[in-house]
Ligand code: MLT
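Shown next as structure tokens: one chain only, the form predicted on its own.
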């Protein structure tokens, strides 16, 4: 608190909560990547839109960079503060602001955890469908800043599809009310969608109005064992043609091995190379259709085994085999690729990418899993215990450049749902053209003229 800049912030906002304890700086200064040493100036915890606005205006006056912070569950270094930035944590702004039964919308502060927003929707008999394993710790503001997807994108889409309105503090300290919950609005540029997925580089999302929908129908969960990678898309087509899919997720035997090491029972007597957990709407014919799809796949050599959950408890056990992967791999400090291609391009991309990684990573264990139903793959490379972290990351970055070239050939993206941040900034060129990147720089200059918002993320 002896820093002159913090003294001026305290003078400007005497009621603002500030943290400078080393443990707090370490906790709030990084996300799940763990690749950068956190070194923020301090942690600001505003309690209102007005305080956020005042912090941003102070940052412009003092020339201090800001790093917006939600649940810090990101995997691309988007919430890292390693160069003396002021972290702006929204965790105190975590309330439900209102519910509109006619518009079927829920207004919340940006720091509310996803799970609490989901529970608030259920309390009104409705459903907020964006969902993933980090639901208890990630926040709505962070979800919006990265346009988070998750396990039900195949049925419901990404966060972007469920945001009716936003309150957004720009990098110059202006407060914008975007969208306003309107279903139709053709009055110029939709700045709401510009704020979504901007990773805190244009401003700070402080409030959001979430669209809600009817609760999903009763569902059934099925686990399939597959003999090969190439069977994945054919199995997906067979099940999508017969059922109303809510989710379609795959993982490998290596991923299952790590999840089971944390406890639990293997789903089948034999070990299979690949697995799919799928959830589908349950009605009078769905179980028969699921069995018919399974028998078709078995007959064509696309599936080796399968089981349908007979209870909610069994369904939760099957889902844990997929949702427990990230946690089970955390101790290995994995290098993560989060990529996407069009579903139609998936078979060709899978073949080329699998061959590339098998050739380039003979010494590393590679764990594949992801959302096949929306073309999103997660590729985790596990660091051997004896490998130096810097050498491991350098080798992975070498291979990621080759993977980026494959993605560019197949029209894909280097970041499906985790954002660009620090991790993927060197590979933005494979997803965006030079003209697009130039336009993005111009947009940042317009909304953040002094460059105080999350500098060094997306591009330098």
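This one's a predicted model, so the numbers in the text were calculated from it and none came from an experiment. Numbering follows the first chain given and starts at 1.
Beyond the structure shown, there is the form predicted together with ligand MLT, which is absent from this document and is the topic of what follows.
Every residue of the trio 75, 326 and 369 has some heavy atom no more than 4.5 Å from ligand MLT in the model of the complex. Using a 4.5 angstroms threshold between heavy atoms, residue 418 counts as touching ligand MLT in the model of the complex. The closest non-hydrogen atom of residue 192 lies beyond 4.5 Å of ligand MLT in the model of the complex. The shortest heavy atom separation between residue 336 and ligand MLT in the model of the complex is within 4.5 Å. Under a 4.5 angstroms non-hydrogen atom cutoff, ligand MLT in the model of the complex lacks residue 383 among its neighbouring residues. Of the residues given (242, 322, 258, 220), 322 alone sits with a heavy atom within 4.5 Å of ligand MLT in the model of the complex.
Screening 386 to 394, 232 to 240, 349 to 357, 369 to 377 for residues having heavy atoms within 4.5 Å of ligand MLT in the model of the complex returns a single hit, 369 to 377.
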